[in-house]
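The data below hold one chain only, encoded as structure tokens and taken in the form predicted alone.
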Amino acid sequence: MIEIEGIKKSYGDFEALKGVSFSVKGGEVFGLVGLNGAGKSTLAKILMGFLRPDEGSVKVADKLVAEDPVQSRRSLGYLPEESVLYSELTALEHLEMVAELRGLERGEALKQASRFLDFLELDEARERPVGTYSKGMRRKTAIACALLGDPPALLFDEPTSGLDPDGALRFSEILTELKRQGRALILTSHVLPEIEQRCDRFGVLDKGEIVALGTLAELQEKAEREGANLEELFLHFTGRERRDARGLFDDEKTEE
């Protein structure tokens, strides 16, 4: 459903991506993890057709993104890390705008929008300007926009950022239903326990390269660390160590 093959991208002398390859099949939740600057944002822009790679190819629903980026964006629902919304527009107006961009029939788009807004508990606020929303309500609006049009593949970047526990639970239920329907899902987050819980398979992106790829059990076997969690495996594959903060503030203490 999503096929990424040999993607390279440089900005001047800086190599942001150095031959990234992986695929995500329908009904799979793939967790992509990496530090800031690892290349996740560049890869997302290439997936969405906003940026062309220097080398390699990306397919979404068996179509090359580079050949028809507009059509590809209709097949890939995208939730960016920051909820990019227009303060003066309502949640419903945002969904209507997305529906038009994706070429959806208005009647069906409005039915979908109503279902999503109701499930995310935005129904009563649907005609209020987004500028009056809380951060969590803005995030829910962005999630609804990503879902509109039933795209076969979706990319969620830090999806639960700003959500309260109930909102996070509702997103979890949405993710489960998307998986059940056979969508191909990529999930990125800095909250590794959340990624470990929600995803079937993982890719560790470090300095523009996939340094580890597989299920949790496969990563444990590769690292020769039976029972290790995703945080421990991430540190192992990226060559980093856990830091101990004990004593960090000792110089602030004064004698009585």
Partner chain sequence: MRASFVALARARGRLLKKRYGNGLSVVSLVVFCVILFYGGESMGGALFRAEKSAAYLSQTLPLMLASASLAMVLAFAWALRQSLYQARELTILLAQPVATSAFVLWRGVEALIALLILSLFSGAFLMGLYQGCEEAFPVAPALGAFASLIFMILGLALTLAPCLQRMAGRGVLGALGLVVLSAPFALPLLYVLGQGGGMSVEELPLGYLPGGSQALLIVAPDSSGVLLSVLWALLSPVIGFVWAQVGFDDLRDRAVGFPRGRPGIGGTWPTYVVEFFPGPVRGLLRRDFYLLVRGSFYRGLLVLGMLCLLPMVYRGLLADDSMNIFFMEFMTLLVFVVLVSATSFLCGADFPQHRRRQLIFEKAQPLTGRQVLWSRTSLAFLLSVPYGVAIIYFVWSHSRANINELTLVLAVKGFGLMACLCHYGAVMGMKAEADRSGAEGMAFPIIMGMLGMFMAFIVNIHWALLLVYPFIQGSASLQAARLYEFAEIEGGAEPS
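Positions refer to the first chain, counted from 1. Remember, it's a predicted structure, so these values are computed and weren't measured experimentally.
Not on display, but discussed next: the form predicted in complex with its partner chain.
Of the residues given (L175, L110, V98, A168), V98 alone sits with a heavy atom within 4.5 Å of its partner chain in the predicted bound form. Contact check at 4.5 Å (heavy atoms) against its partner chain in the predicted bound form: all three of L85, E88 and R128 pass. Look at 211-219, 187-195, 50-58, 25-33: in the predicted bound form, residues with non-hydrogen atoms within 4.5 angstroms of its partner chain sit in 50-58. Although the partner is absent here, E121 is not a contact residue: none of its heavy atoms lies within 4.5 angstroms of its partner chain in the predicted bound form. Contact check for C145: a heavy atom falls within 4.5 Å of its partner chain in the predicted bound form. Its partner chain in the predicted bound form comes within 4.5 Å of no heavy atom belonging to K179.
Contact annotation for H236: none of its heavy atoms lies within 4.5 Å of its partner chain in the predicted bound form. Of the residues in 1-34, only K9 comes within 4.5 Å of its partner chain in the predicted bound form through at least one heavy atom.
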